[in-house]
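Before any questions on binding or motion, here is one chain by itself as structure tokens, the form predicted alone.
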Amino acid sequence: MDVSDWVDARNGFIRGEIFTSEEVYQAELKNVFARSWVFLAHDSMLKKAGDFIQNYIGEDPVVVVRQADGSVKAWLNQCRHRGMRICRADRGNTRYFMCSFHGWVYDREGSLVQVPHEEEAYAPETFDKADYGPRQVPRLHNYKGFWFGNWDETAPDFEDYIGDFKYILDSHIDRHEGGLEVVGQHRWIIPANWKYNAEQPSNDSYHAETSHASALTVLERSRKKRREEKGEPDNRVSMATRAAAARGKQFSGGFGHGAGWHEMPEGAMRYQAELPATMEWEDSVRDKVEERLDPYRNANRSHANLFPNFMMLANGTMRVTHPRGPNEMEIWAWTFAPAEAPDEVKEEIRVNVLRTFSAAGMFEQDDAENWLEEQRIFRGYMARQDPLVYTMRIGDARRGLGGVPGIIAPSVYADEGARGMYHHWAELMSGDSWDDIARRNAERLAQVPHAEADNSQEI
């Protein structure tokens, strides 16, 4: 599908048609979601043989199951008989799955093993159960406990797909030797296009001081009150202070991945409101984390999105934004905490995410209101005629700026992440082969000057 009338990522212009068109949406299911790596499950969700979880790739439901040998399989959650969902439970443990329509039974591997009245209903010379298992997800990859799946056997290997985004992803999921575990889950539906919740973590720190002014004011007051009561040194930087400062960077990866972060002053750490046990524990393990990552990534945590729809925040929120038509998204959000942290810390993290980025969270309410309003406005014909402006810091990004891999803009207030995301989205929508897309992507990245060859950028 040619989307060049609506997306000019090189020059930073996007038209509202891509957020509302049914034709665009159907092409996205085929060209974006059926060809990209999508998060499916975490090891802590599949601890023993028979543990399963339902998830989606685009609008296609899949079941992810731990096998007896410890491996994991994922298959389309659709009975071959009449197309019903085979498994209707969100998660659990079982040896077999039975379709509740006519009773066809499948084992953990997705093989059809029992058909009611098979001998009476089907001729043995034309019916073999081995031919009627659900479609398997052919590409699965476990990256540090996180399982990703891909329908497309021609797509790049997962680690080639994430490329320089590994630097960002590791800062979220590989901070602690014991890894992460799930301590909470929330789901909610927003009548707005899925790309808003992919673009924002890829790109947008710009909205925070305006959209979240009320929430930031509440948190700042509680921060000052607690500091005064405890007589604590003020070596931490509040969220309100970070939101008002442009100091930071923005990341754009080759295949649409994006991230942004505010940079802390030398020696300062992020302030996590109302999380005294978490702050104390993080201080106690700071040396280990800095040795595992580096001091820069420990102090400067990002918001990020692994294209197309796996987003993560510094507070432990990780979520998949499932598309539900051009005008609706369904968010599945998990709260992750360090597995080796004390229970008190895990509980603080869980409650903090509930308060801030759950369906009723202070920040989530602000974000959802913005996306709802955008979607309503784009119903208008004239509202979709003029392109939106994605030109912040255009031309200023450099490869490897500040020692950070990828295409890096020298300010947190930039649109480099969004331009990279929509450039890759348009490439996939073309339907061209992954080989052609990867070749053009490499050529595009090679045109970006390297920071070491350009001393004009202030780090």
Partner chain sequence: MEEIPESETEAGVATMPITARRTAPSVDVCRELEQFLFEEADLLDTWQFDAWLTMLADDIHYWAPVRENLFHRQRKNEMAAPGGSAHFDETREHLAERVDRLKTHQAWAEEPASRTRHLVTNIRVFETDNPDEFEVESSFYVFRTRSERDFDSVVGKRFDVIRRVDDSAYGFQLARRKIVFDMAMLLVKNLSLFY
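Remember, it's a predicted structure, so these values are computed and weren't measured experimentally. Positions refer to the first chain, counted from 1.
This next part talks about the form predicted together with its partner chain, which is not shown.
Peer 1: Taking heavy atoms and a 4.5 Å cut-off, does residue 158 contact its partner chain in the predicted bound form?
Peer 2: Contact with its partner chain, no.
Peer 1: Could you confirm whether residue 227 comes within 4.5 Å of its partner chain in the predicted bound form, counting heavy atoms only?
Peer 2: Outside the cut-off, so no.
Peer 1: So, in the predicted bound form, is residue 152 in contact with its partner chain at a 4.5 angstroms heavy atom limit?
Peer 2: Result no; residue 152 lies far from its partner chain in the predicted bound form.
Peer 1: Answer with yes or no whether residue 33 is in contact with its partner chain in the predicted bound form, where contact means some heavy atom within 4.5 Å.
Peer 2: Outside the cut-off, so no.
Peer 1: Please pick, from 284, 222, 142, 111, the one residue with any non-hydrogen atom lying within 4.5 angstroms of its partner chain in the predicted bound form.
Peer 2: If I apply the 4.5 Å criterion carefully, the residue I get is 222.
Peer 1: So which of 52, 390, 39, 425 reaches within 4.5 angstroms of its partner chain in the predicted bound form, heavy atom to heavy atom?
Peer 2: Going through each option in turn, the one that passes is 52.
Peer 1: From the candidate stretches 85-93, 111-119, 124-132, 164-172, select the single one in contact with its partner chain in the predicted bound form, where contact means a heavy atom within 4.5 Å.
Peer 2: Answer to the contact question: 85-93.
Peer 1: 297, 313 and 450: each with a heavy atom within 4.5 Å of its partner chain in the predicted bound form?
Peer 2: Negative, none of the three is within 4.5 Å.
Peer 1: Are there residues in 330-352 with a heavy atom within 4.5 Å of its partner chain in the predicted bound form, and which are they, in order?
Peer 2: The stretch touches the partner through 330, 332, 347, 350, 351.
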